[in-house]
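Below sits a lone chain in structure tokens, taken as the form predicted on its own.
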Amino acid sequence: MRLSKTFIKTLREAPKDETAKNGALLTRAGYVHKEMAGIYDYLPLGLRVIDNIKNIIREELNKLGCEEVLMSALQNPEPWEKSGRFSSERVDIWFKTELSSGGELGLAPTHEEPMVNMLKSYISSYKDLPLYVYQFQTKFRNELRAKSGILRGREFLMKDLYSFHTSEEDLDRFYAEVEKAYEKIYARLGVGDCTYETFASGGIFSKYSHEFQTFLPVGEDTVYYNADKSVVLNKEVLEPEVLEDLGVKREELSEATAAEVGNIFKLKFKYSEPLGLKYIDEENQQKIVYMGCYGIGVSRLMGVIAEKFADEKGLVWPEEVAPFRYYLVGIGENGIAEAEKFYKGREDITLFDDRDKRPGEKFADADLMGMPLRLVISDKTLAENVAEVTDRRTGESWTVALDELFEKF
């Protein structure tokens, strides 16, 4: 990407209606465009971040044998009515619309019911199980108040994984595998050291569910944790019997705010039973399929990472998340020509600032956009046969001989 050719423009000030730090910086740096409250467009840089997050998740889930699909956003009410969740009185976040030919449809806030309904056509025998199916899909939730930039939206991107099993033991086995995979995902995303598996309410179907919470000052959840953070629990389960069960005392716990970036849940028969998802076992008996679900908020994670690592100059992306590894700055006629040589063959990892702008403006945009490394080739550095390198995360700068730059970078 050449900045002289893109339609992206940086802004010195954020729009007045964008008060959240992540939303303000992502807008100023040209990653997103706000359509209305809780609804954003993802511009070329933002889409590259989203794709990087998706690829990390995809790689770790595929290692577990998960298969990717893409389901429809428009929802047939029938399976949702069987579970009782199409009622707007019971689930108050639906966006619904009417067909011109008559009848009502919904825009999916999640996909348990349609996934189960679809798999009734493909699961019939114990030989078809276990099965793990996931997607990256836009969800729609009619939130009363969309806020916090892209942390809470009415339209957002989610990874939702669903697993199907013949036994509770097999569900438990896969659940533990997903826990480990999530830890790897958050580590690769750069938030592994501040994201914790958190005990949360499991409803009537299991004692607990588990959330993954990133400690963040602007998070919407309150969590409690012990000294080494080996036990973290959501405020909703801060009760004496829970503390006793987890082996901690209230006075041992500290309070923090956090943003939920994932959750995993042992659903068991919650949706498979009312929708009739069954299989024939080895003894030719009909049994109900066990089920688990596992979510990660992809666009929310982008906002959390932006919020977590930004500084007074702008965004600071972890290496595996950044849209480009290098922000290449050419200054002066000869500097731009030499930078052009570096850019050729490295287009996929380099954002090339070849604009006819003052150096200070280019450096400010480099800081704002947050690529891991800034490379500067100018008439001045050429006189010394070097390029200047600056690490966006630490602020450290050093020079590299041009031949080493071409060889090592």
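Being a predicted model, the structure only gives us computed values, none of them experimental. Numbering starts at 1 and runs along the sequence shown.
The same protein also exists as the form predicted together with adenosine-5'-triphosphate (ATP); that form is not shown, yet it is the one meant from here on.
Only one of V178, V261, L189, L275 lies close to adenosine-5'-triphosphate (ATP) in the predicted bound form, with a heavy atom inside 4.5 Å, and it is V261.
Distance criterion of 4.5 Å from any heavy atom to adenosine-5'-triphosphate (ATP) in the predicted bound form singles out G153 from the list P79, G153, G330, G292. Just one listed stretch, out of 126-134, 241-249, 280-288, 154-162, contacts adenosine-5'-triphosphate (ATP) in the predicted bound form at the 4.5 Å heavy atom level, and that stretch is 154-162.
In the predicted bound form, R300 approaches adenosine-5'-triphosphate (ATP) with a heavy atom inside 4.5 Å. Interface membership of I296, defined by any non-hydrogen atom within 4.5 Å of adenosine-5'-triphosphate (ATP) in the predicted bound form, is confirmed. Using a 4.5 Å cutoff between non-hydrogen atoms, E338 does not count as a contact of adenosine-5'-triphosphate (ATP) in the predicted bound form. Under a 4.5 angstroms non-hydrogen atom cutoff, adenosine-5'-triphosphate (ATP) in the predicted bound form has E143 among its neighbouring residues. Residues of 18-47 placing a heavy atom within 4.5 Å of adenosine-5'-triphosphate (ATP) in the predicted bound form: none.
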